[in-house]
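Only one chain comes next, encoded as structure tokens, the form predicted on its own.
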Amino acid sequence: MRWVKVLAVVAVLFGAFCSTAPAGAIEQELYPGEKELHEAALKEGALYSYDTGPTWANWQGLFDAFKERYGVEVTWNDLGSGATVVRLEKEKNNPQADTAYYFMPFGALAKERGVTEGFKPVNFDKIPDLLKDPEGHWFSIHKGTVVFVINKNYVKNTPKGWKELLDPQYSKSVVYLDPRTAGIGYAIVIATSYAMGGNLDNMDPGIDYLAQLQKVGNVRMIEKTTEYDKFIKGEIPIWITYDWNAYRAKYIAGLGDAVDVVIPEEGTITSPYAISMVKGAPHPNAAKLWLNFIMSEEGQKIFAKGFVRPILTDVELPSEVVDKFLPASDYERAMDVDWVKAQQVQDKAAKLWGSKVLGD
């Protein structure tokens, strides 16, 4: 019965992959060579996409559209950016994933560890040079801004900034992800560092702030993976995360006026997310078909429908979405940083956070 156990483990780790009948013939190609690549992908019969949990960044919308167009269902897992790189390293001699998605600095780390393969998808030339590897080992596909998401059913007074979060009225209220394993966790460390007067050369001010938030008892949980479902269920009073999660909770999940979205008054950051083709991917043509679709205008528009800002600047946010964002003046408090340097100091920052916040 050993094989039964193996199948059960696979079902837990991944969304179930179902072999589906080929989609109908593509009437109009999104790019030259799409039909030929599609036929090759169907012969491979599978696609494994690491760290693309369906409730994050409207991945479910991408999964549905990809299956509808190509007849291929995406098998996914939800590990966190850092954990994804660790998994790829463990599987280096027997790759299981076809593509891997992460907070952009982890893409550069994955290349350093030798687990990525160069591939330039459609519209690669439109991605800013600073947001892609020149050989296509990783490339950014969308952006998000670090914000507070407030459940007003449990929080009487909406905090306006980082320092206000230290107030005793927010005892056991704040939830965020572990920066040692999750990209958004590291983005929060960077955001607080700049907000508290530090920078990438001196992240102590931000980490000291997070240690103080922990010390005063206002941190409810530090999670390993996305907490979207917990927020929707009312288990999280104050969630530090990306703006797309906030707008999805407010307008798609239907929490409406019960949700406040706050860009901290002391400032925050806007973060790019990247994806790679895995070196030795077991289904390389399916991987290329998937990456091309993500970077097509159609794929980028699906991100936008989920309040996720596309990396292609010529793809406009839908009117039904753009009017729901906070005013542009609020977003002026969000800054970009040197992401190459952010990758270089990431390990040091993670250890410092563990030491000062958790006492490791």
Partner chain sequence: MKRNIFLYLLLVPLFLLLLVFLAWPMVLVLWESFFVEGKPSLSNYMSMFTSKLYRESLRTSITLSLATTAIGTLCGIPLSYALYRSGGRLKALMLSITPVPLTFSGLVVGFAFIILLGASGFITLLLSKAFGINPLEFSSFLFTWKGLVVAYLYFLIPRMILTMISAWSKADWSLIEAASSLGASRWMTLHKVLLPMLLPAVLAGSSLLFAVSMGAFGTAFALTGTGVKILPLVIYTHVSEVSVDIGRADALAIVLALVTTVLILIYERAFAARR
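If you're wondering where the values come from, they're calculated on a predicted model, not measured in any experiment. Positions refer to the first chain, counted from 1.
Same protein, other form: the form predicted together with its partner chain, not shown, and the subject of what follows.
Even though its partner chain is not shown here, does it sit in the model of the complex so that 172, 179 and 358 each have a heavy atom within 4.5 Å?
-> Every residue of the spot touches its partner chain in the model of the complex.
State yes or no: in the model of the complex, is some non-hydrogen atom of residue 123 no more than 4.5 angstroms from a non-hydrogen atom of its partner chain?
-> Taking the distances in the model of the complex, the answer for residue 123 is no, it never comes within 4.5 Å of its partner chain.
Applying a 4.5 Å heavy atom distance criterion, does residue 226 contact its partner chain in the model of the complex?
-> Yes, residue 226 is a contact residue.
Going by a heavy atom distance of 4.5 Å, is residue 222 a contact of its partner chain in the model of the complex?
-> The answer is yes: residue 222 has a heavy atom within 4.5 Å of its partner chain.
Touches its partner chain in the model of the complex: residue 352 (any heavy atom, 4.5 Å) | Although its partner chain is absent here, residue 352 would stay clear of it in the model of the complex, with no heavy atoms inside 4.5 Å.
Which of 127-135, 251-259, 73-81, 275-283 lines the interface with its partner chain in the model of the complex (heavy atom within 4.5 Å) = Of the options, only 73-81 has residues within 4.5 Å of the partner.
Option touching its partner chain, based on a heavy atom within 4.5 Å in the model of the complex, out of 290, 106, 239, 139 | So the residue touching its partner chain in the model of the complex, by this definition, is 106.
Mind listing which residues of 231-254 have a heavy atom within 4.5 Å of its partner chain in the model of the complex?
-> Stretch hits, in order: 233, 234, 235, 237.
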